[in-house]
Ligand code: DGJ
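Below you will find one chain, with nothing else, as structure tokens; this is the form predicted on its own, and questions on how it binds or moves follow later.
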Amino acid sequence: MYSSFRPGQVWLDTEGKRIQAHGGSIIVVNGTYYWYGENKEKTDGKNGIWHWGVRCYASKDLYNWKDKGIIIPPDLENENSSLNPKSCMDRPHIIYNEKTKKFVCWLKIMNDYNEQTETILVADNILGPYKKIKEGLKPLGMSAGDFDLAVGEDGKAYYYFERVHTETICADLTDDYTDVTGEYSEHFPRKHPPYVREATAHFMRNGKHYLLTSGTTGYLPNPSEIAIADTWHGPYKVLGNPHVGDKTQTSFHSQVSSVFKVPGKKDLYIACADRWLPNAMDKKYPIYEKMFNAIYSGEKFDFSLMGEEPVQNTSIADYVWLPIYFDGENVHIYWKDEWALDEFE
């Protein structure tokens, strides 16, 4: 039994197995926490398997998680399916629609480096079964990368995504949350990776909207960036890197996947992050070193080379959950070897 968070350490479920909920998020349903994400249990970096569906866990205390199984299974029969294990399915996000009484799940599918699409599924229960209703969706006709979904108090939903290697888009969702309306805004235009923002995590505090993002360097961690706005569509003001004292400039060797506001706590937000390559914290991958050298020297670089080794051993990826501290509107994340919920009001 756990009674605290231990960032970067191996986190086991109640059966003693590694938790497999990567690129994940937490949703609260009837007083129970559900943590879901990419199931990487079979992704050893050698067999070509990118995922084994979406797995979900349940908890009452945020420390101890019971495996509730694979809620969106891999498609083992259709090699062309977006849910086939060799398909690059990332970052599931599930939101609940009060009007339709449906849980709506969006999945990012990256089968081509420059052509990324979305698969949409719906279910009556958080644990499924989920029915695929859209596949190959290009929202707004754009190649859509890492993303987040958010629902306002009025029930209106929004979709924040990386327009691949270009900028961040905030798009309004349709009333059933299964598509975009066509209304959107553009943010953080950058010329190319690693400066283009991805892994967007949206949260709200005191009426302000925050976007926590990372740079685009694949599984290699990089400095995060926090931005703030008065409305869903901005404009957003960049506040800088929230990871205080991070001399490695790697966001403490992690990439934030979502931000969770803890119910019942006055002002506790958790930055939930993945440490994708725990065994490579002190190593430099030649492809990334080559990329950064080219960028800083002004040389031309073929960014498609970032897909040179598309499958890494992420079955042993760990989690880095850290509390967010606020100084007025500014956001700070400090490293902690261990921390607990009762440290906060």
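Model, not experiment: these values are computed from the prediction. All residue numbers are counted from 1 along the displayed sequence.
The form predicted together with the named molecule exists for this protein as well; it is not shown, and the discussion that follows is about that form.
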- prompt: Considering the named molecule in the predicted bound form, which of 96, 195, 219, 232 comes within 4.5 Å of it through any heavy atom?
  reply: 219
message: Is residue 255 near the named molecule? Define near as a heavy atom within 4.5 Å, in the predicted bound form.
response: yes
- prompt: How about residue 243: is it within 4.5 Å of the named molecule in the predicted bound form, going by heavy atoms?
  reply: no
message: My question is simply whether residue 275 lines the interface with the named molecule in the predicted bound form - judged by any non-hydrogen atom within 4.5 Å.
response: no
query: Is residue 65 a contact residue for the named molecule in the predicted bound form, using a 4.5 Å heavy atom cut-off?
result: no
- prompt: Out of the stretches listed (204 to 212, 96 to 104, 123 to 131, 83 to 91), which one is close to the named molecule in the predicted bound form, meaning heavy atoms within 4.5 Å?
  reply: 83 to 91
query: Going by the named molecule in the predicted bound form, which residues of 161 to 180 come within 4.5 Å of it through any heavy atom?
result: none
